[in-house]
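Only one chain comes next, encoded as structure tokens, the form predicted alone.
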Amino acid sequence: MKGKIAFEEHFAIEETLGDSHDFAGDSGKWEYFSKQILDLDHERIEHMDKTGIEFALLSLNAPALQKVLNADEAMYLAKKANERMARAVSDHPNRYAALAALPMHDPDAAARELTRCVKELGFKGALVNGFQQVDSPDNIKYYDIPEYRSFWATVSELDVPFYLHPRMQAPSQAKNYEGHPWLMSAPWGFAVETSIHSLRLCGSGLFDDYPNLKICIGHLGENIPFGLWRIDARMRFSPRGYRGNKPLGEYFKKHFHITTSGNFNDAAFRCTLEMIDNDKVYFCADYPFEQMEDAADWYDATDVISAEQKHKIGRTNAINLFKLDLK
């Protein structure tokens, strides 16, 4: 399919490049991988042309700002990354838009940077790499807590999507992974960490306060669609501490938007489509952690959806979500 749009597509600046080293594959691939993730002008666009991806929304790699302990340093890096994306969009306006990188140490500072990116730079939303570490590695902030309500008020006012991207758990809070470090990242831990954060947002009353919020998550929903029926079924018996006014599944289905990034599997795709409104499902690749060719070859060939649905999930849903000026 030509004309696809993707929006979990990462780049790095020199200061955050090393954060991706462990996810690049074996050491012999690092030089090529680093070239891919730094490039916004040549090979990336060649891959897009080859795979029928017309347009991509760029975002900073992980965990980047979310593991920088000092707020001032993180804001400096955020502005550098956001200005780099803005230049790429200016250079290739028909190929790129951008999602703001935000330091989440101070909710109000994050809100100001998001506002600047949207109103001055024309960004289409934000992508944040999970929880924020503040001042020390073990001081961890999740965004459902009350101090972040002012930030969410700004997201709501701007009416832009917020992409909650994975990161690994902090080592001090990951005793269940001891002896099995492979579990902590993409094979399993990414989905665990991001799904817990997502469910915390659903259970915090956030969506009652700001009913127009739109949260994106990748990898066909970080395992939540598969477990959603059981979550709601058991919540009838153990809702202690739950602060939502509606069943959790209702919030998830209304406010969460699910991408195919890095999960190119028909069975998982079918499950997601059965649980989530097709208007809230999107094609994405997760480049360069996944190859565009793998994402596009699977998506173009799958017979799980009709040609009409394929066009919608591959293109028009993203145009509507991000208010893109594309036909």
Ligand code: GRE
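A residue's number is simply how far along the shown sequence it sits, counting from 1. The shown structure was predicted, so the numbers you read here are calculated from the model rather than taken from an experiment.
Below: the form predicted together with this ligand, not depicted.
Heavy atoms within 4.5 Å of this ligand in the predicted bound form are found in one stretch of 285-293, 264-272, 66-74, 44-52, which is 285-293.
This ligand in the predicted bound form comes within 4.5 Å of a heavy atom belonging to Phe190.
For the chain shown alone, Ala186 is a contact residue for this ligand in the predicted bound form, at least one non-hydrogen atom being within 4.5 angstroms. Mapping the unseen interface onto this chain, Leu58 falls outside it, with no heavy atom inside 4.5 Å of this ligand in the predicted bound form.
This ligand is not drawn, but in the predicted bound form it has a heavy atom within 4.5 Å of His10. Judged against this ligand in the predicted bound form with a 4.5 angstroms heavy atom cut-off, the residues Phe23, Ala62 and His219 are in contact without exception.
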